[in-house]
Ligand SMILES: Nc1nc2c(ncn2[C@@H]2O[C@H](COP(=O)(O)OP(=O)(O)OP(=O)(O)O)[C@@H](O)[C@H]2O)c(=O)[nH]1
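Next up: just one chain, as structure tokens, the form predicted on its own.
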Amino acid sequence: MNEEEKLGPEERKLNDTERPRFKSGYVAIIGRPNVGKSTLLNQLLKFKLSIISPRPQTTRKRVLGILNGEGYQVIFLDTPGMIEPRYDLQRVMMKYVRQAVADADVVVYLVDATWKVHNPEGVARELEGMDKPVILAINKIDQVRKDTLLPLIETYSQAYPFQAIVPISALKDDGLDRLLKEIIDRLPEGHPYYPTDYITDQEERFFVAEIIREKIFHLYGEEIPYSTHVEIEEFKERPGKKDYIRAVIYVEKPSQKGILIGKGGQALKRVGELAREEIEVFLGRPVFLELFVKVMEDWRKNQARLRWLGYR
């Protein structure tokens, strides 16, 4: 007989009451483009899971990241920036945001402290009818004067009944401990949804494609990054050898294909070099990466082509 079985019913009841409860649940990180949602996820996880770039709308699909700690498991959902969609791809992206919010136990709405014009009433309209706790995180506080924060907090608090308002700098890892505590306090009690050594539920090939796409965002200007989609056609693990990865980069026009490849293939070669280095760090093993470019006319505005590329 173990020690707990030796206790009487009342003693066992007291013991259960005193025992800390495990918290677990889903947390959707939402907000306008380029407010730092992916940076926040990466900093909370202490691992680069979501790709980042200075450009808005870098994130296209929901990215799931799992944070395990003493007495809790938080499942974060990084989402595309909230916009008024103009074509089919953007409509699918906004569907991912709505799904993440529907799945969430807690919502973190991220705003940018450096915005010249804040619109708390607009934020309140987007959150109207929300039936779950919403925490407002005011990001990039390292880039504004401290005396501007209290009036900003007051303005947002009058616009919507946020459960908490937390000033943070995701990039500088400032205020994230308090934000995490506010999140955990509002999570339901329950068991872990995933094994505690998991950091995501998504396959390696998804993140490999995202890394390649990130390099395109960093290396090309104008419309090229937004017109590209990366598909992993082949991913072979080869014990004793480098993993083999064949990736196709789809563009919408023949002219974009020429720009992406560059003179003598040098531009595409640079994408491959930078992507391979980061992929090897991510996977923890050497890879041989081959990149190809194909044209798929107007794929962003064609529902059938979007579904074929995995946007559902």
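Fair warning: this is a prediction, and the values are worked out from it, not measured in the lab. In case it trips you up, residue 1 is the first one in the sequence shown, and so on.
The discussion below concerns the form predicted in complex with the ligand, not included here.
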With the cut-off set at 4.5 Å between non-hydrogen atoms, does Asp88 touch the ligand in the predicted bound form? no
Leu171 near the ligand in the predicted bound form, any heavy atom under 4.5 Å? yes
Check Lys215 for me: does it contact the ligand in the predicted bound form (non-hydrogen atoms, 4.5 angstroms)? no
Using a 4.5 angstroms cut-off on non-hydrogen atoms, would Asn68 count as touching the ligand in the predicted bound form? no
The unique member of Glu182, Glu126, Asp142, Asp105 whose heavy atoms fall within 4.5 Å of the ligand in the predicted bound form: Asp142
TL;DR on 235-243, 78-86, 154-162, 197-205: the one with heavy atoms within 4.5 Å of the ligand in the predicted bound form is 78-86
Residues Arg276, Ile279 and Pro286 are flagged as a possible site; in the predicted bound form, is every one of them within 4.5 Å of the ligand by some non-hydrogen atom? no
Partner contacts in the predicted bound form for 25-44 (non-hydrogen atom within 4.5 angstroms of the ligand): Arg32, Pro33, Asn34, Val35, Gly36, Lys37, Ser38, Thr39
